[in-house]
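Just the one chain here, the form predicted alone, laid out as C-alpha cells.
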C-alpha cells in the first residue's frame, strides 16, 4: 500500500487546537466528567447565509476541512471521505423532539435533512464545488480508520489528493443519559490515567481533517505509512503479535518507534489490555497518551493522528502527554495504538518525511 503524505491539517477539540500556534502551553480540563470542544468564531470560516442553518457537527467539520485545505494550498481534491460514529446528533435530536412536542405536525424539514451522517461531507463538497468521490463511514470505533484505509486504496487507483476527516458531537441530553447510565467518571488525580482501576470514561467531541497526497510535496509535514484494525482481540498477546507483524511489514520493530500514542480511555474495563501492553511499549519506545486531552469518542483516532503530526513537525514530546521519563532524541516514527470500548483496536504508523 502506498504512503499517504499529510499536506494540511485542521483540528477542533477540547483543547485550543484551532490556534495553530498552540502546543500544550495550557491544557484545558474536562467539564467535571466530560469534555466540550473549544469552538472558534465560525463566521471567520463560513459564510453567514450558510452558517445559520448548520448544526455544530457541520460547523466543526466544515471549519476544520477549510483550514486543512488552506494549509495544503489546494482548491480542490479528488475525493472527500468523512468518518463519524453519531453523525449530526444535534439535528437528529432536534427533529425528534419537534416531532414529539408538535404532535407530529407543522415540522420544518431542515433538521431532518441535516441529520444524516453524510451531511458534513456533502456540505464540504458543496462549498468546494467538488463533484468527485464522496463517502462517509459510520463504523463505530473504526469510522476514521476506514476513511484512511479507503484513501490509501484510492491512491493505488491513481487518485492524487484526498480530504479525510473524523467528526463527533454530543448534546446536553446525550450527556445526561450517559451520566445516568453511569458511563462517565471524574478523574481521580491521585491515580495516573493509564492506571485507572474504575469504570467510566470522559466523553469528548471534536473534528480533525487532513489533506492527503499520494506523492510528497513541499507542503508535506509527515506521512501515514500504514494502518491496521483489530476486532475484539482475545488477549494482550494477540495484540502484541499483530503489532509485531504490522511493524515487520515496514521493516521496523518497537525499538524503532520514537513515540507510541496509546488510547487509554480511563475505563479499566476497556483499558485492561493496553495496561498489560504498556510495560513492553515502555521498554522499547517512549509511551504517551492523548484521551485526557480530547476525551473518548468514536473518531478520537483522528485527534491522535493530528497530534502525531504535531509531534513530528515540532520534534518535541511534551510532558503533558508523556507516560514515562524517557524522551526521544528525535521523532521519526510515531505509532498510534487506539482502542474504543475494548472492541475496536487500531494501529497507525506515522513517519517524518
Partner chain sequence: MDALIEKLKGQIIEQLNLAEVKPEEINPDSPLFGDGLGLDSIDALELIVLLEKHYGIKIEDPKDGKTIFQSLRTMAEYIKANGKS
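Residue numbers count along the first chain shown, from 1. Given the structure is predicted, the values throughout are model-derived calculations rather than measurements.
Beyond the structure shown, there is the form predicted together with the partner chain, which is absent from this document and is the topic of what follows.
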Any chance 42, 171 and 179 all have a heavy atom within 4.5 Å of the partner chain in the model of the complex?
no
Quick one: does residue 252 come within 4.5 Å of the partner chain in the model of the complex, counting heavy atoms only?
no
Non-hydrogen atom contact residue 314 with the partner chain in the model of the complex at 4.5 angstroms:
no
Could you confirm whether residue 319 comes within 4.5 Å of the partner chain in the model of the complex, counting heavy atoms only?
no
Residue-level contact is defined here as any heavy atom of the residue lying within 4.5 Å of the partner chain in the model of the complex; does residue 268 satisfy this criterion?
no
Considering non-hydrogen atoms and a 4.5 Å limit, which listed residue (175, 240, 221, 107) is close to the partner chain in the model of the complex?
107
From the candidate stretches 297-305, 284-292, 46-54, 321-329, select the single one in contact with the partner chain in the model of the complex, where contact means a heavy atom within 4.5 Å.
46-54
